[in-house]
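Take a look at this one chain, the form predicted on its own, written out in structure tokens.
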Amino acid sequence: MKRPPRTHRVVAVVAVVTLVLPAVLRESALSVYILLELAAIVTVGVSLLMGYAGQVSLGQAAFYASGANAAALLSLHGFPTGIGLLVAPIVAAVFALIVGIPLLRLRGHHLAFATLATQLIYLSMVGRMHLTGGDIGLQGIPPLTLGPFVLHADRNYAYLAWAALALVVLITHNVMTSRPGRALRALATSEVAAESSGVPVGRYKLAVFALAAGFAGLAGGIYAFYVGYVAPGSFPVLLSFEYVVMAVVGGLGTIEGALVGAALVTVVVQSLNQVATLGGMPSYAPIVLSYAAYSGLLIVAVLFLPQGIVDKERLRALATRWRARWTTPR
């Protein structure tokens, strides 16, 4: 009997381990695990958007927030919570289509700043609307109900987020290995060359922009039901930068890079937050240490691992170089 490829075996082992973790983690670690999974869902979309379509988005948290607000509003107005979760990614994708039509005419840093402005405008509008609770936000969001199951425990949300992440990974893998995925790769290399080859550049850019936003909206919907409260302050601009750092550190254009980057950055930031809350630390320590972590990881990745942590050849070369430096007699 032919054995499955080594990559498939590794993926299977990682899937089983991550599926078992919610059953053994403590409550405090379980909440971090859920946030890690939600961040990974968004980061997979960012990696697809930046690595395949070559489009930089610094406003991905706006789509995360739109999904969370949509799910919260529907559930608070009497709709089944399952409907709210289904609508969340749709609302985020439609939002991306609306703003993407004018924004995706821009390129490079102009597009990055425009997406950042989109998030700032969105948060400002939500903070002024009575429908969304203004700056106070939406409170009392009921727990998610799927059929006869009511998700109260953190462990239930951990499994739900795991299932959502698995779905996002499957969709992304199919996109990457399809003909449109190859067209997106060509688009990232050169839009002019891709268009001259018959690739509908504008349509593909808009489609992947909406898909990445849909992933963020799905994560936002889960977040709303898990936390039970959403407000403009729940989705700061720093959150969008966090997703970009995760994608770049892990490796753009790869699923495994997005997952590894999300795990690494989340663990590092959460560890620093615990340090920042120790006695004697100033109140602004968490935000300062978060910025320091993002900056440090991004600098290290750009200087030493430009293709991300998942670049095995680069890692092997760096390890060989450091081994030679420390073992060579002086």
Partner chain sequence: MLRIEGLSRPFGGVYAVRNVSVDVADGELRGIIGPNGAGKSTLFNLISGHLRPTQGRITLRSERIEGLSAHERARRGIAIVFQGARIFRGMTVRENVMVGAHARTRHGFLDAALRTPLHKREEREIRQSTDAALERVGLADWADRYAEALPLGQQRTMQVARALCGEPALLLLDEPASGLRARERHELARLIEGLRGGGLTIMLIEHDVQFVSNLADRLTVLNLGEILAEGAPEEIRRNDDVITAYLGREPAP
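Positions refer to the first chain, counted from 1. Because the structure is predicted, anything quoted here is derived from the model rather than measured.
As for the form predicted in complex with its partner chain, it is not shown, yet the points below apply to it.
- The candidate site formed by G127, I136 and G140 is entirely out of contact with its partner chain in the model of the complex, as no residue has a non-hydrogen atom within 4.5 angstroms of it.
- Heavy atoms of L85 never reach within 4.5 Å of its partner chain in the model of the complex, leaving it off the interface.
- The closest heavy atom approach of V94 to its partner chain in the model of the complex falls outside 4.5 Å.
- The closest heavy atom approach of P236 to its partner chain in the model of the complex falls outside 4.5 Å.
- In the model of the complex, no heavy atom of I222 sits within 4.5 Å of its partner chain.
- In plain terms, the part of the chain that comes close to its partner chain in the model of the complex, with a heavy atom within 4.5 Å, is 180 to 188 out of 255 to 263, 69 to 77, 180 to 188, 226 to 234.
- Taking its partner chain as it sits in the model of the complex, the stretch 189 to 204 comes within 4.5 angstroms of it through a non-hydrogen atom at T189, S190, V192, A193, A194, E195, S196, S197, G198, V199, P200, R203, Y204.
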